[in-house]
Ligand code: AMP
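Quick heads-up: it's one chain on its own, the form predicted on its own, in structure tokens.
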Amino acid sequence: MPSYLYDLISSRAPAADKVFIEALDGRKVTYGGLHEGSARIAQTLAELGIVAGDRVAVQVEKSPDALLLYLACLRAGAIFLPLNTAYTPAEIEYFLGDAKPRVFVCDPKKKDGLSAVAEKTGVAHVETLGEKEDGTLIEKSRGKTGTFADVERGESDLAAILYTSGTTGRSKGAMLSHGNLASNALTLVDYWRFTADDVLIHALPIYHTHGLFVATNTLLLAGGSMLFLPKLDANEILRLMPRATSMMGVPTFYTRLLQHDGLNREATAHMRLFISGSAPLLAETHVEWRERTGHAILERYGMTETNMNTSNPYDGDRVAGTVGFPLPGLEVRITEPEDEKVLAQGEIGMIEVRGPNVFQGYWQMPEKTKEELRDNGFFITGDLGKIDDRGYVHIVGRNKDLVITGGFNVYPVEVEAEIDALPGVVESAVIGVSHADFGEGVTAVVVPDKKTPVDEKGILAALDGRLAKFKLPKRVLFVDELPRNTMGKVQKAALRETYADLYKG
């Protein structure tokens, strides 16, 4: 019986002896090894009582076996629920209590601390999975046959639940179907020209849609290979580039590599594609990367709820500061969210998307689902943006990050772009902070370049005349680095909390 997504992966698999994963420690997993290894783990899950629709929650370090577990869940009919490795036991308690998994798989080193949490939330089985082919899950799967009668799952059945980062309110579990994941990966294989000849440098985490679904599913459906790094390591990435053809990363990958003396055209000569996402890429990074390597970074736009929505073109202009065009089969529109009025070209409004990639709703949250998923299938992303006269989509910022000062709307990205262009500034984040006179005061938090002196007065003077008066920051603050989540997104909620009392007293 076919499991929709896994059946698609199997149907496009190359020869069984072709290597899919090569880890930094030398371990290699072939396509045949993927099939047999996932079958053994699927048998183990079935013996633990997993049936179609059960959840398997997973908080483990990155390893080839973690990907085998993901594939095993597809085959066993389970819903895969990956959890950020940085989550604390208190946070894990929320996710386990909300998703009600039958099995929780954790790092062997954390089992003692998490077993009580799992017991409290009613999890039937706690298993472990380590980085070195160890843990109880692997021990129980040893000796089992490399075959498994896959549990039938259709296009609309759930394959995964991914929890949003939860910067405001409770984290929401985005329900992704087999069809959501399959359609998006097939589109990316074609749009980004992936083939069986591709070798991807994979240094992303695999508890997030970027590293798990965008990277892994796309390479699986292309029949390609991955060089599997535990995390970002500029030295290792540069060492591996002569063997690779492509890399997917977040902006931090590119800024770190630009700081490395070994980055040049010769080092990147074998590469055909560099992709960036999960957070905005500074235009300066885009320009410097092209100057140093001769490659234009391809920036794209996706979300937990949708995987990929738009992309700069493979052929054609990759425009810095934009996220390109809607992917084939997807629709993107800009609206006034209150009345669903579609705005004219160039106007800023809410980005909404519709297509086979859009999720099925939020787990156990029908009211929240109705708020954000329209009856006509358009998903209200929460991102503000516009579409220019060439059809490129621009992200202006998150709706919740909009600053309303004295009754005027200020889009942070517009102010950030001016500040980032100033000498002595590495990057900036603009936030709204409670202000007695203006409602919110425009506030800039700046990371300075230690080589070039810069101060608050100088930045404000430079901005005067370049921005309308109401857009000018009331204060410019300096920090060594901006707070970011594991995917490189600046955590503006944390900044707003830190500086909440700035204009009081």
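Note that residue numbering begins at 1 and tracks the sequence as displayed. The term rigid core refers to the maximal set of C-alpha atoms that superpose within 1.5 Å between the two forms. Remember, predicted model here, so these are calculated numbers, not experimental data.
Just so it is clear, the following notes concern the form predicted in complex with the named molecule, a form of the same protein that is not shown.
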property: Proximity to the named molecule in the predicted complex (heavy atom, within 4.5 Å), stretch among 330-338, 302-310, 263-271, 145-153; result: 302-310
property: Partner proximity in the predicted complex: residue 160 to the named molecule, non-hydrogen atom cutoff 4.5 Å; result: no
property: Contact flag, residue 342 vs the named molecule in the predicted complex, heavy atom cut 4.5 Å; result: no
property: Residue contact check: residue 319 to the named molecule in the predicted complex, 4.5 Å heavy atom; result: no
property: Residue 127: touches the named molecule in the predicted complex, heavy atom cutoff 4.5 angstroms; result: no
property: 208, 354, 178, 172 - the one with a heavy atom within 4.5 Å of the named molecule in the predicted complex; result: 208
property: Among the candidates 350, 241, 395, 373, the residue which, in the predicted complex, approaches the named molecule to within 4.5 Å (heavy atoms); result: 395
property: Three-residue site 280, 323 and 383 fully in contact with the named molecule in the predicted complex at 4.5 Å by heavy atom; result: yes
property: Displaced residue check between this form and the one not shown: residue 54, CA, 2 Å or over, core reference; result: no
property: Change in CA distance between residue 470 and residue 387 in the predicted complex, which is 3 Å or more, as closer or farther; result: farther
property: Cα-Cα shift for residue 440 and residue 383, closer or farther in the predicted complex, minimum 3 Å; result: closer
